[in-house]
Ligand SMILES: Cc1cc2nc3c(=O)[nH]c(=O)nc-3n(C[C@H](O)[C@H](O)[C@H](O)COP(=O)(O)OP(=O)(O)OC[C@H]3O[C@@H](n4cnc5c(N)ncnc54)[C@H](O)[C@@H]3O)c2cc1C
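What follows is a single chain, given as structure tokens, in the form predicted on its own.
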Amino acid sequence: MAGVTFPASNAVDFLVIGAGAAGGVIAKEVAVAGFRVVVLEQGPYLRDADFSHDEIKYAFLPGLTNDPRLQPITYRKSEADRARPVKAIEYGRQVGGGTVHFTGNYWRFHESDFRERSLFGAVSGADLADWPIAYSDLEPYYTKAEYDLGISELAGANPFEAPRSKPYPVPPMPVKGSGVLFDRAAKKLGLHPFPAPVAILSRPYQGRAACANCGFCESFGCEMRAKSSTLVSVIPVAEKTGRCEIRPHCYVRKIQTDDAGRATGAIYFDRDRREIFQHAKVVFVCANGAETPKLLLMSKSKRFPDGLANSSGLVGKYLMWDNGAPAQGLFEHPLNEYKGIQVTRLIHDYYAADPKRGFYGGGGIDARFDFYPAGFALHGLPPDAPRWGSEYKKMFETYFTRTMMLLSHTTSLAQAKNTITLDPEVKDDWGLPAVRVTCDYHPDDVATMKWLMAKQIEILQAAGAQKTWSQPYDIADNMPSRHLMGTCRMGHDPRSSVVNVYSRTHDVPNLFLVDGSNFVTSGRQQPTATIQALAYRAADYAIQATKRGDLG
């Protein structure tokens, strides 16, 4: 039975804040295990009929993302600078979160991602550290995520892939023109292209339809239900138990604690901006790598004067950015890349960090086309293109159908100076402090992007591109950041981390933080699979600990 409601005055077993990649998984797992759960989501609960192919609404306006008019964000490169209003970060703001509108890339981390400090050593100016868990600890949960959600790919196609216990549940998506050109060029250069693992269905799965190749994936919701968002996969399972209430339009302002230091629930504004307190026995915060530290910093009390779960002083620190840069190529014949999903082929040949390069970092490169007509007209043409007139129109007509892109997804080093804090001056529409982002690249981050850009241009030229061009290397050109990682670091030592190996906070025994904020390293900029694996692992632990009475 769906549609259950729980009185806010009664304590539910679990309260989940955020109904995105992690929150949807947590809700499903605890509800199926027999517990009552309320999920608070600040955005709306959208259905298939609510989605459209309106480029202006979704690619230019915040149709599915945070609206800076309501929730302003300020940004500065360093503490010495004055923060200015800019949409520096972007996240999904509806039931399903970013999984509703993301591109669908679904890479597992490599084994090396969890122990890069041991493999590479220290990096000056950064805090490169090993994770307190290994790939083997997450492997069963990666597999569970792939089968619960529906991930399309071919096991063994990636020669650099870490060991896996089961094949993918759904075959790869059909290759598109960019994928064919990329595949041929990469092999010509001795590289190892493989089908992209994506959270998009290549065939019907668990009652959902296969992808129709409409092309409106990135930035858009999927009316076909082919994109494997938590909105259409695990959240309906949670609701069908009759033990899960999804409560949209709920903007949480504080996690409440008692005198013993335990979380007792959350205070939130409902759709009518009434303040409500929802009681709970266990609280999961799955609000993303910016909103989670913001909520903790706002949840001050006498017992937690510096913010909740912040005895280490690390809440909000070590923000890692969504690094990577695109290179584009013009080809002789039409590719019509606007058709089909964004990505069908990629390489991991340059994934591992290599000291011989003289800098830390690595990345993956995929073949794609990220533009729709209006966006391409404004931002997709090369820098030397005319900006108006008949020549501009002629160039747009030619380039739109004959251009493809290679996008690198590169490492971002954890630096203590890169932070999410509360802006002391700017308030949001509810009177709460705005998120203040302080962030700039580490020199090795820039070196990695430049090194991989040379590889991207080389591949495009090998593919037969008649002309190539690329993007500048400044953080202002790489906004908004969507992969929000590192602000509530995982670790064994409470003095140098915020959560333990099960995403349970060191300071508050019944408070869990599960999203990109847990990350110790950035991997190679595709965090969703790892976020969801961490969510399954945290839910498994919390369910067993609750049954044993260990969360008191």
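The numbering used is simple: start at 1 and walk along the sequence shown. Computed from a predicted model, the values in this text were never measured in an experiment.
From this point on, the text means the form predicted together with the ligand, which you will not see here.
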{"item": "The ligand in the model of the complex reached by all of 101, 218 and 528, non-hydrogen atom within 4.5 Å", "value": "yes"}
{"item": "Single option in 90, 444, 423, 349 placed near the ligand in the model of the complex, where near means a heavy atom within 4.5 Å", "value": "90"}
{"item": "Position in contact with the ligand when the complex is considered in the model of the complex, options 168, 359, 251, 194, heavy atoms within 4.5 Å", "value": "251"}
{"item": "Interface membership of residue 40, the ligand in the model of the complex, 4.5 Å heavy atom rule", "value": "yes"}
{"item": "Distance check, residue 516 to the ligand in the model of the complex, heavy atom within 4.5 Å", "value": "yes"}
{"item": "Partner proximity in the model of the complex: residue 291 to the ligand, non-hydrogen atom cutoff 4.5 Å", "value": "yes"}
{"item": "Touches the ligand in the model of the complex: residue 482 (any heavy atom, 4.5 Å)", "value": "yes"}
{"item": "Heavy atom contact within 4.5 Å of the ligand in the model of the complex, the stretch among 325-333, 150-158, 243-251, 308-316", "value": "243-251"}
